[in-house]
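Take a look at this single chain, the form predicted on its own, given in structure tokens.
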């Protein structure tokens, strides 16, 4: 939230359901702390990016936009290229460098795409700035399991842990996805991936677990998601007799084309179905794929959280407040973004200082945080100890899109 000098002696009142936040200069005697955010805010990611921004904003509003005597200001940056509408490494590097160059900036919340995090993690660490992600799930960002050679050390030039992950990593999600596939009765799976860090990473984890479980993996193939026609690869998959296509991807990287063209080629359930990870848990994907196609392939999605409507305690409270404030259902990572914002605010209170290292250390020391899915802590790698997973299926619904993701099962 930006504050101008014209507001110096005035009271800012923000209504949030039953919450009224009043902030004036007298309540922030120690000055200002800025919290930067970075993820795509255009193209197919605009709804999710806006939801994530709303989530962090909600956490700040709940705390009257202040902590430990400091006013809190949120600075939102877009890491997408204006040319492609998709995250861009050069833009993400520029965002991170802008944040670390700002003496008032203490924490960087981001990114959405794991590939973008690889770009900014070392930049923020060299400046002793904590980076907290509401969405990055590629394992190699924090640990060796499911990582490429040299990870995660290559992202830690100072040899410390400064990157913190709110959702569970893909080594958990890919594993439960394969177990779910077997439980649903699938026997032969063909795996596709978008050749990006997140998509390829979770596809590989799914493949490893699927083989361990005795599923027949007929292929793990990267596609060129920029191509408008995926029928050649789908025709090849149809000839293999696969009864499941698992695709590691995000909403911008081709899954909508694969789903639509599966229907065009008659690759429909129960003969063949489609499953994907949380990167596809977006209404925009259903809109682009069409509900007829998504339901026709019995589309299933894994997501690292309880369904919003089934949350209890703190999760239920935040879900209600979000809807009251923004008059819309939260997007997939909007509430995780609230959680990231609240973790940061709590750490600033405990650090009680405008000091990047003290705030980083306070974030690392987060224990028994009362979060959306229950209490959790950060482990030595900066990962959450929470491992709640859910499975969703696409069903017909009276919504503008015409269908929705419906909770199907708790996954283990």
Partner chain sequence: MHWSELIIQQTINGLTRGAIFACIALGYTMVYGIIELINFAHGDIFMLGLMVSLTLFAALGLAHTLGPWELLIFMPLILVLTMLITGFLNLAVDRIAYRPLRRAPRLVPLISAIGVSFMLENLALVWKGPYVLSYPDVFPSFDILRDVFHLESEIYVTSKDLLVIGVTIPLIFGLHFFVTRTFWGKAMRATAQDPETAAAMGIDVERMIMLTCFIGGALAGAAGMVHGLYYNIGQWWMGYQAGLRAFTAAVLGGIGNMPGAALGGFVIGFLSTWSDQYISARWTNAVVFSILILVLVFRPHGLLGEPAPEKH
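Since we're looking at a predicted model, the values are computed, not measured. Positions refer to the first chain, counted from 1.
In what follows, reference is made to the form predicted together with the partner chain, a form of this protein that is not presented.
- The partner chain in the predicted complex is approached by residue 229, whose closest heavy atom lies within 4.5 angstroms of it.
- In the predicted complex, the partner chain sits within 4.5 Å of a heavy atom of residue 266.
- For residue 196, no non-hydrogen atom is located within 4.5 Å of the partner chain in the predicted complex, even though that partner is not displayed.
- The partner chain is not shown here, but in the predicted complex it comes within 4.5 Å of a heavy atom of residue 251.
- With the partner removed from view, the residue among 158, 310, 183, 236 that has a non-hydrogen atom within 4.5 Å of the partner chain in the predicted complex turns out to be 236.
- Of the residues given (225, 163, 281, 322), 225 alone sits with a heavy atom within 4.5 Å of the partner chain in the predicted complex.
- The chain is drawn here without the partner chain; in the predicted complex, the stretch among 295-303, 89-97, 252-260, 118-126 whose residues come within 4.5 Å of it by any heavy atom is 252-260.
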